[in-house]
Structure formats: structure tokens, C-alpha cells
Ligand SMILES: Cc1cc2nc3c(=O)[nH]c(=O)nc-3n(C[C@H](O)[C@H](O)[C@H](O)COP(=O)(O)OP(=O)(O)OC[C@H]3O[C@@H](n4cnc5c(N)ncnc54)[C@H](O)[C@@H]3O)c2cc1C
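First, one chain by itself: the form predicted alone, in C-alpha cells.
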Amino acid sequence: MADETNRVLVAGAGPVGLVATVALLARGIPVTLLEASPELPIDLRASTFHPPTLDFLATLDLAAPLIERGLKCPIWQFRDRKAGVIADFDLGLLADETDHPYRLQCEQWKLTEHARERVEAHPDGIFLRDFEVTEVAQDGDHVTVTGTRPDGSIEQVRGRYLIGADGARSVVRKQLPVNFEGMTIPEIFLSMSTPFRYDKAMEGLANIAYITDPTEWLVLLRTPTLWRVLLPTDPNQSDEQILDPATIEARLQQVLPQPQPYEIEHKTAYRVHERVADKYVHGRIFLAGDAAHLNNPLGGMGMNGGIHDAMNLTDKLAQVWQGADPDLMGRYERQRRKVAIETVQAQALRNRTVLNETDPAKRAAYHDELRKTVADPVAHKAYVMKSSMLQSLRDLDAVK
């Protein structure tokens, strides 16, 4: 009889956990995927896939179905609320660096849908839904995960290793001696989705636009069916006040006045954290994605960084599975923590700083710097190499 514990356990069936699972199964490693929810959500969370993320997903045959259902966006821009376009950044400059020289606007649930189908169809894949992880423990050979079922019953599963990809409130992380250092951004972020065609109403608008303003910045993101509007919001207001339909309508009218009320498909208000775990590797347990690091969404690097974690982690774990020195996993931690701190957080913080700036002279200096960058082909390419996360992956080779 086969050893049912000779497998990897993955906690969390979001994009990171599912990609990690598909990647391990593709290498012939059995996986049990644990998910607290009965079904995977179809919601409007992350929607931007960067070029290297698509390159990674292509190696797992997961990119093509997303591209078919998504919106290719080779141009993204900084705008000023009054002056209009400040700078258009062209990902087409990366045509020699990636097979996907564009951002793909495609809701993350489409990725989880395709990845779930792959896991469920694989003979070595076990997908346990309605399994709420409550406790993890490890010994010299195995990890034991204890979970609660909807009827209150307790169940345990065992495997050789555990990947904690169970999100911002990660139970796996909380079971470990981890410091989750960082800060909570003062303002609340309000995200709204509407079928209103901003691209037809605003001259020169790209499908991805970061819009500065000394009073209230905003972000406009187009998906295949909707436009998403992101606005900063007073944290002293309650969720009821923030999400009040009249308030929502008034704020959207301030963004762009229209004679008819805006139709709202989805709205949510959330606090944004910027935190990085001090350790990603704990014996046979590894952290990835939001369980390991959180950042603000300005730049679309959260989900993408998590998928990059998953690919880096599973590559090294597969080598260890085949007999490589387990110390190799320490390089996963060193590489991906460096990216989380120096690339993901740094870029998101810079985007927020540019958008939040109120001083006229500093705003003008930021805008002049952006214009100068796009006017210089070398600087322009270097900028999009960094903002697309390609450069951070190239830099990892130097991290031993």
C-alpha cells in the first residue's frame, strides 16, 4: 500500500496555493490541497498579471486560457486629474525580454478556476474543501495539519512538507515563531466596479491609469467587462458610511460628472497593510504569498509576487524531494524576502508617494521625472523592467 503521507500539503486554494499545487504535480510530487471554504470565490480581487507571471504560468499551461479570457494592456499611464496624461509606459519595449510584453487584465478567479480543474483531474492531487486549518506541528520526518470540518469534527492530515499559502490571516504563519513586521496604511482603500466606459469618456485614457491629484488620487483599471475605480478613504468613517450608495454615487460623480447615476457591480472597503515575515522557512514548513508578505495594491504586485514565490519555492522543494540538500530552501527565503522588501514594497510605496503628494513643487518634479523617463528609451525600458517585476527576477541569481 502506498504511503499516504508521502506528499506535500498546501494550505490555501487561492492563486498562490493553487499554482504551487499545479507546479508540484507537474513534477510528479503528490499534493493535498487544503481549503477552508466550500467553493472557490468568484470575486473581483486582483486582476493584473505582469509579464513574468504569465511566463511562469505558461510553463504550467495556465497562461493561454487566461489570455483568451483577459485583456492585453501593453500601455499603462500616470495621469493628473486636471492636466491629463503625464506619461505612457510601453511594455512593448520588453519584447526581447519576455514572451508576454504586456499586462493582462483578467480577474484572479479565472486563474483559480483553471488551476482547480487541473488539480481535481490529476491522479496525485487531493483537494480537501471545508477544511479549516487550526493547528500545525512537525517532527523530523513529517508535518501534521489539524483542521475542523463544518460539522465540528476534527481531522488530521500528514505530509512530508507544508506550504502555508493561506493568505493575510494565515493560520500557518500564526502557528510559527514568526514576526510579521511592518505597518498599516492610514487611509482605507475603496474599490468599486462599474460597466461605465471610462475609456470612451476620458481622452487618451489607457486601460491602466494611476491618477495624481493634490486632493484625492485614484486608480482606474479596466477588466474585460468592467472598470475598477480605487479611491483613498477617511479611516475614521465606518464601512456603512463608506459604502453608502449615496456616498458612492457622489464620489464617482466627483471623479467624472455624468447625467445618469453610475451602475455599481461591486464595492468593497479594506485596510491595507505592508508587512514582511522575518522568516519564510521553518523546518518542513514554508510561507508564500500573503502569508509571507503584504503590500498595498498600487502596482499590482501582491498576487504576482505570491505566484513568483510559489514558482521559486516549488522549484527548490522539488530538488529537495529528489534528494538535494534541504538547506537549499534557505535560498528561497533569502531570494523572495529580498524581492518583497526591495521591489514589491518599495515600488508600491513609491507609487503611493507620487499619488499622495500635495506640494505643488514636488508634484511638478515627479511629473517632470516621469516625462523625462519615457522620453529616454534606455531609462524607459529600465523603468518598465522594474515595474513589471522582470528586473527583480533577474537580480535573484546574485542572491545565494
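Residue numbers run from 1 along the displayed sequence. In this text, all values refer to a predicted model and were calculated from it rather than measured experimentally.
Below: the form predicted together with this ligand, not depicted.
Give me the residue from Thr358, Thr59, Ser37, Thr353 that has a heavy atom within 4.5 Å of this ligand in the predicted complex. Comparing distances to this ligand in the predicted complex, the residue within 4.5 Å is Ser37.
The unique member of Glu274, Glu187, Glu132, Glu97 whose heavy atoms fall within 4.5 Å of this ligand in the predicted complex: It is Glu132.
Is Ala20 one of the residues lying within 4.5 Å of this ligand in the predicted complex, judged by heavy atom distances? So Ala20 does not count as contacting this ligand.
Please check if Asp290 has a heavy atom lying within 4.5 Å of any heavy atom of this ligand in the predicted complex. Answer yes; at least one heavy atom of Asp290 falls within 4.5 Å of this ligand in the predicted complex.
Just to confirm, Met303 within 4.5 Å of this ligand in the predicted complex by heavy atoms? Yes.
With a 4.5 Å heavy atom cut-off, would you call Thr223 a contact of this ligand in the predicted complex? Close contact is absent here: in the predicted complex, Thr223 is far from this ligand, nothing within 4.5 Å, heavy atoms only.
Heavy atoms within 4.5 Å of this ligand in the predicted complex: which stretch among 67 to 75, 262 to 270, 117 to 125, 178 to 186? Single hit among the candidates: 262 to 270.
Could you pull out the residues of 224 to 244 that have any heavy atom within 4.5 Å of this ligand in the predicted complex? The stretch touches the partner through Arg228 alone.
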